[in-house]
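Presented as structure tokens, the chain that follows is alone, the form predicted on its own.
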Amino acid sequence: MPSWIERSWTRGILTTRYPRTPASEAETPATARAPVPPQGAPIPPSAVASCPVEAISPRGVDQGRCIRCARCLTQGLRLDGAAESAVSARSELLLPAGGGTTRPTAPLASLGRSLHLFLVDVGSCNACNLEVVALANPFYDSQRLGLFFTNSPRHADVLLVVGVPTEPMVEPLRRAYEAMPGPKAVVAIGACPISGGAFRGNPGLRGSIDELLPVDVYVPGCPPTPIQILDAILRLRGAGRREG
């Protein structure tokens, strides 16, 4: 008998207790966190030069651009950003200058506990897609928190956007957003919709999703973990772990 079947038979289905309890180290590994300089230390020029996507500058590390390639770790930086890194303002993705200090808004608080999610891929490598759909598996079990995936934007409260905005997907994306009833919210998941990620500057691409739609929450990462995405969605209704 395969080991995973034996574990399931003897232990049952194990579901994360997040957000009631903090996420475990396995759920938010160091590789999912942003690289930052040691406390109080300046960012060395060699770290700036090592970044292939220009996410690092003397001011800090732009999480919205960082693809977690880890090249800067040999130049004095370390993976030590916040495990729950979603923010409501693009400017707060600059570490350590920003640090996610802006008080998040809860545009969907009036909808109560239940939210319906519609996922749109505007041009991705599928990494973020896999992290998003993992929320529906038995471990994360998003339905226990009132989060349901829907196949129609007309039934959706939250538009989850992954991938780099490509020209052919601009109009379908706008039509999906316009079809959603209000109140509604947009979540940009990963470096690609936030800044273009590793593909920024290539022909046929838009720079970021907030040039096309109003973004309520940004989730940095390449890709972000399911816990980081879950935290972002819960913040829309003011019920995330950080909001108590």
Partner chain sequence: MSGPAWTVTPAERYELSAEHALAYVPPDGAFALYNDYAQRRSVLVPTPSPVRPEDVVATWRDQLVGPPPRRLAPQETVEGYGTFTFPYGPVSMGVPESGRFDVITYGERILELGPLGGYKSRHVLNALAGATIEDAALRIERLAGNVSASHVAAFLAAAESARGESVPRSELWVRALAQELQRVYNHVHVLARIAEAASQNVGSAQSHALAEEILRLQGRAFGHRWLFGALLPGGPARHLDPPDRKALDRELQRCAREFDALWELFLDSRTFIDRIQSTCPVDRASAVHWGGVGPTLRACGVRWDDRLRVPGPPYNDLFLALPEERDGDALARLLVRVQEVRASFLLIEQMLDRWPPGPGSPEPASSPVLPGRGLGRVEAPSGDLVYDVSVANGKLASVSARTPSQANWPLFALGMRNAVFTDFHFALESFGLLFAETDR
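Only a predicted model underlies this, so the values are computations on that prediction, with no experimental measurement involved. Residue numbers count along the first chain shown, from 1.
Form predicted together with the partner chain: not shown, discussed below.
Student: Non-hydrogen atoms within 4.5 angstroms of the partner chain in the predicted bound form: do G60, A89 and A179 all have one?
Tutor: Checked in the predicted bound form: no contact with the partner chain for any of the three.
Student: Between the options P183, P29, G207, P45, which residue brings a heavy atom to within 4.5 Å of the partner chain in the predicted bound form?
Tutor: That would be P29.
Student: With the partner chain left out of view, choose which of L115, C125, L145, A82 has a non-hydrogen atom within 4.5 angstroms of it in the predicted bound form.
Tutor: So the residue touching the partner chain in the predicted bound form, by this definition, is C125.
Student: Would P138 count as touching the partner chain in the predicted bound form under a 4.5 Å heavy atom rule?
Tutor: It does: once the partner chain is placed as it appears in the predicted bound form, P138 has a heavy atom within 4.5 Å of it.
Student: Does any part of P38 reach within 4.5 Å of the partner chain in the predicted bound form? Heavy atoms only, please.
Tutor: Result no; P38 lies far from the partner chain in the predicted bound form.
Student: How about L111: is it within 4.5 Å of the partner chain in the predicted bound form, going by heavy atoms?
Tutor: Result no; L111 lies far from the partner chain in the predicted bound form.
Student: With a cut-off of 4.5 Å between heavy atoms, is A23 one of the residues that contacts the partner chain in the predicted bound form?
Tutor: No, no contact at 4.5 Å.
Student: At a 4.5 angstroms cut-off on non-hydrogen atoms, which residues of 38 to 56 are near the partner chain in the predicted bound form? List them in order.
Tutor: If the 4.5 Å heavy-atom criterion is applied to the partner chain in the predicted bound form, 38 to 56 yields P52, V53.
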